[in-house]
Structures are given as structure tokens and as C-alpha cells.
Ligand SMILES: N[C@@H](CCC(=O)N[C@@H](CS)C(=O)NCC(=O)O)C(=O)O
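Here we start with a single chain on its own, the form predicted alone, put down as C-alpha cells.
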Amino acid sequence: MTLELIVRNYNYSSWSMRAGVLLRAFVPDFRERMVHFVGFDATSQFKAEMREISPTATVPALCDHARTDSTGRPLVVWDTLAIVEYIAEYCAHSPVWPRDAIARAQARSLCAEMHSEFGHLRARCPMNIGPDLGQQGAILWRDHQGLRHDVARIDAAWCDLWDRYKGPFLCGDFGAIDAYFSPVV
């Protein structure tokens, strides 16, 4: 087992969840290490520990202990979208991305959109799986048009893919796009 995924608690870290879901599907023998989160402050223990692993001091970070960087340390991939691409290459014979060129382009585009857009969804609905937030959600939905717009865009994209590829997942078979949107679900 050469791959190690460093994450924060999946209940609170959508980016960690995306990478974890993808790895569980395609590389089930990876090792996982959860870094205890005590705050985003630059001097926090979390940031200090993550700075030892990744130049961004963020999670997730994927370490490949079978490969090294220019300093001789294990190779680290520190961005969720880059982790997806690394896993697609690592599992070259698995359908991390759809084999069909059109489906693959659509899946990559939507993952990139999730990576860089949907600011209202991110700002108003941070990851928190544990509690029932239905009442707060109803208020946010009522009061924030931008949130409704983001959700409508995601719904339209999912419906388009579902209509085109007929499921059972967004582009037919389970892949990166499904892992990427798992926290949104």
C-alpha cells in the first residue's frame, strides 16, 4: 500500500470527502490519516502539521510513498482536482473518468465548475453532516437567491447528465464526477 490520504473529519470537509470517496471506489487498499482540526489560524496545530506535509497546509493531501519529489520526500498531491487526475493515471485501466470522450469532457467540466464556482452554496452551506439543519436550510433557501441559483445550476447539470447517460450514476458508471458531488448530495 503506497498511497496515503491525509484528511480532516469527513463530516466537515467536503474536499476530504471527495478524495476519500474516490479512493474507496478505485484504490481500496490506501491508507488514511485524519489530522485533528483545531482551527484555520496560521499558528494552529492543524496548520503546523499540514505544513509538514503539503505546501498549502490544507486537506486533502495524497502521498504516494512509492514515488519521491526532487527532495527525496514522498510525492504529495495537495489539491482535490489534482488528486482526481492522479488517481485516474494511477488506475489507468479503471473508469475514473468516463471512457466516452463527450461524457469525459462533461464530467471534467462539471468537476472544474464545482471546484471554482457555486460560491453562494459554499458560503451559506458549509459542510456539516451531523446535525439536522433543515430549519436553517429553509431560511437560507428563502433569503438567498444566489443559493437558489447555485442549486438550480447543479440540478440542471445533473438532470442533463442523467437524461443523456441514463444512470445509475451521473455519467453512467460511478466515477470522479460522482465522488466530486458526493458532499453536495
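Worth saying up front: this structure is predicted, and the values here are computed from it rather than measured. A residue's number is simply how far along the shown sequence it sits, counting from 1.
Beyond the structure shown, there is the form predicted together with this ligand, which is absent from this document and is the topic of what follows.
At a distance threshold of 4.5 angstroms between non-hydrogen atoms, R104 is out of contact with this ligand in the predicted bound form.
The shortest heavy atom separation between R124 and this ligand in the predicted bound form exceeds 4.5 Å. This ligand is not drawn, but in the predicted bound form it has no heavy atom within 4.5 Å of L147. In the predicted bound form, this ligand sits within 4.5 Å of a heavy atom belonging to H115. The partner is not drawn, yet in the predicted bound form one stretch among 52-60, 132-140, 65-73, 151-159 has residues with heavy atoms inside 4.5 Å of this ligand: 52-60. Along 34-56, residues F40, F46, K47 each place a heavy atom within 4.5 Å of this ligand in the predicted bound form.
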